[in-house]
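The chain below stands alone, shown as structure tokens; this is the form predicted alone.
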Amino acid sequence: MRPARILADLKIVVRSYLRNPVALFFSLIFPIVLIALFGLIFSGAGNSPIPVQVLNLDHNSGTSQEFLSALNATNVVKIQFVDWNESKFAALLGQNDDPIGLVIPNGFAANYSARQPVAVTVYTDPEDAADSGAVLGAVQGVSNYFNLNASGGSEIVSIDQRYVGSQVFTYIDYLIPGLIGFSILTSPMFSMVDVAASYRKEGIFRQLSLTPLTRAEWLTSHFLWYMGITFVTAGIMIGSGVVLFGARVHVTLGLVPFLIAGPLFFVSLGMLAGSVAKTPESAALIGNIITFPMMFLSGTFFPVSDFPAGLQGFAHILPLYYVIDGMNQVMLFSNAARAALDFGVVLAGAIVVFVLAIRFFTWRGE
């Protein structure tokens, strides 16, 4: 592979892209539209019981056990006891597949018996407003029942609502990594599938075969371009979320590997899909079949933990899931170990798909 030839082809890619207003819109303007749309819709805002991680700091007192039994009896929630450090409870919840929790404070029984105010802490997930609201309603109902029994309805047991991962996280914080993953998927996938099919149809690949440029060099130049676009798009999304909605996300060097490996994977996958298609129409169909399930089943807009068990298993084989989960771990929960595991999966997959794309991609296809 010759760097000079890669650079020469990269210049052509850049010029073509900058002359395409549609491509520029989807790369630079559409991210802002997505952030604004979902931020405005969800910033304020199941048939089976909702799992709730419970930390009982009141030494399993009789009163606290009665409170939790009453809560479990609502059939809205399913109590799951944990023995976590209180200071790390919110962060550990964020790393859990069921990130809604309840803390019964030390002294709960004593305060309740003495008719002194006491607050239980409910950690909700801004990414899952439906389950969070249901859990809050169930805890509020049980609290009202205890208040009625103790003092005729005067508030003794109250609720302190916080968010998983941090007390200050909101829906927009959880949405930003998902939308960055969305752009990592769609921009290179749709473009490369279209380029592969249209270049073959128009004979451009046949002309490129007469130049010293190799297939690996051509694909690498396109990867470098979409990697650059990904960094720009991620900056736009993060900046828009912070400026428009006060998003609080950690922007660290741990984000960089996903902004590199993600485009490498989907540029290669798009090229591979386009290589097996015979016409631009069939290429578009293959691209949509690959892309649309990943859009909605990888945790981009909806939490994977809300899916049925079988669908969750399917989500865990989608590469975009590991891109988004890795960025969540880096930007929200500072969970380096899980982020490293996610990156390893994405990088291994990217290398395999890149090699396959080079193997099946030919200048002079039929």
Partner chain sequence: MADAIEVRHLVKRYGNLAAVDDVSFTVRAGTVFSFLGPNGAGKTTTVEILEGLRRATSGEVRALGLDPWTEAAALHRRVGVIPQDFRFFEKITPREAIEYYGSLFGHRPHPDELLARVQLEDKAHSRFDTLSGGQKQKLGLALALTNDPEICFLDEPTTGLDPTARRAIWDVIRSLKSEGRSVFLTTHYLEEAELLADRVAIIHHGRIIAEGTPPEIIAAHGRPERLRFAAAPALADYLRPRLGLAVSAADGRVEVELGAPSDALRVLSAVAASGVPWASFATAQDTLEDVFVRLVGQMDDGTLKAEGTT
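Fair warning: this is a prediction, and the values are worked out from it, not measured in the lab. Residue numbers count along the first chain shown, from 1.
Note that the form predicted together with the partner chain isn't included here; everything after this is about it.
For the partner chain in the model of the complex, the listed stretch (233-241, 71-79, 211-219, 263-271) containing residues with heavy atoms inside 4.5 Å is 211-219. For the residues Phe146, Trp84, Phe190, Tyr199, the 4.5 Å heavy atom test against the partner chain in the model of the complex is passed only by Tyr199.
The contact with the partner chain in the model of the complex, taken as any heavy atom within 4.5 Å, belongs to Arg206 out of Arg206, Lys88, His250, Arg115.
Among residues of the shown chain, Val355 is not one whose heavy atoms approach the partner chain to within 4.5 Å in the model of the complex.
The closest non-hydrogen atom of Ala348 lies beyond 4.5 Å of the partner chain in the model of the complex. Shown alone here, Asp9 lies within 4.5 Å of the partner chain in the model of the complex, counting heavy atoms only.
Contact residues in stretch 339-354 (any heavy atom within 4.5 Å of the partner chain, taken in the model of the complex) are absent; none meets the cut-off.
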